[in-house]
Ligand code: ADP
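In the form predicted on its own, a lone chain appears below as structure tokens.
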Amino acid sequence: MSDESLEHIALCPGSFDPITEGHLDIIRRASKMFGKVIVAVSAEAGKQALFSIAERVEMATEACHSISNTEVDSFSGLVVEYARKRGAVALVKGLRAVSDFEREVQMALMNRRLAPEVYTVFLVTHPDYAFLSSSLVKEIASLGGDVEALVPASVLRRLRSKQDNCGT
């Protein structure tokens, strides 16, 4: 890795509904590769979100506070357009399994067609988080399971608060 890469901006885009320790692993690793990492929370979660966009931004901000060269922001629309707007040269995506690879490569190729100057960088997840997804965290939490080791403490409090407010 050249010193020049530490001058570049990268995006870690996602719905982060909620942000997990797996996401944070990818963000921390990206922060060592790029000068600035923007955790880009998508307003279009693609599915029924448990948390509002404002809550997801707050949780990501709290979770990333100790990673000095990160910033959390929200966006809507095409991620490559947002990357251009922010001056990012790369999208950093985590890969857990072959199913992630197939979907992410398809998106990366389309993003390359739309914005060839924005690269996609894939980081293979840490084995401790290979099974982890926001959807799985929400499902386990909704059924009263223990997700303490899977999410930051601030996220755990919000998940429990949602459970209490839903009567579970």
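The numbering used is simple: start at 1 and walk along the sequence shown. Source: prediction; values computed, not measured.
Another form, the form predicted in complex with adenosine-5'-diphosphate (ADP), is not on view; read the next lines as being about it.
Taking the partner from elsewhere, residue 22 is found to have a heavy atom lying within 4.5 Å of adenosine-5'-diphosphate (ADP) in the predicted complex. Using a 4.5 angstroms threshold between heavy atoms, residue 132 counts as touching adenosine-5'-diphosphate (ADP) in the predicted complex. Put simply, residue 26 is close to adenosine-5'-diphosphate (ADP) in the predicted complex: some heavy atom of it is within 4.5 Å.
Not displayed here, adenosine-5'-diphosphate (ADP) is kept clear of residue 152 by more than 4.5 Å at the level of heavy atoms in the predicted complex.
Picking from 30-38, 109-117, 61-69, 95-103 the stretch near adenosine-5'-diphosphate (ADP) in the predicted complex, with a 4.5 Å limit on heavy atoms, gives 95-103.
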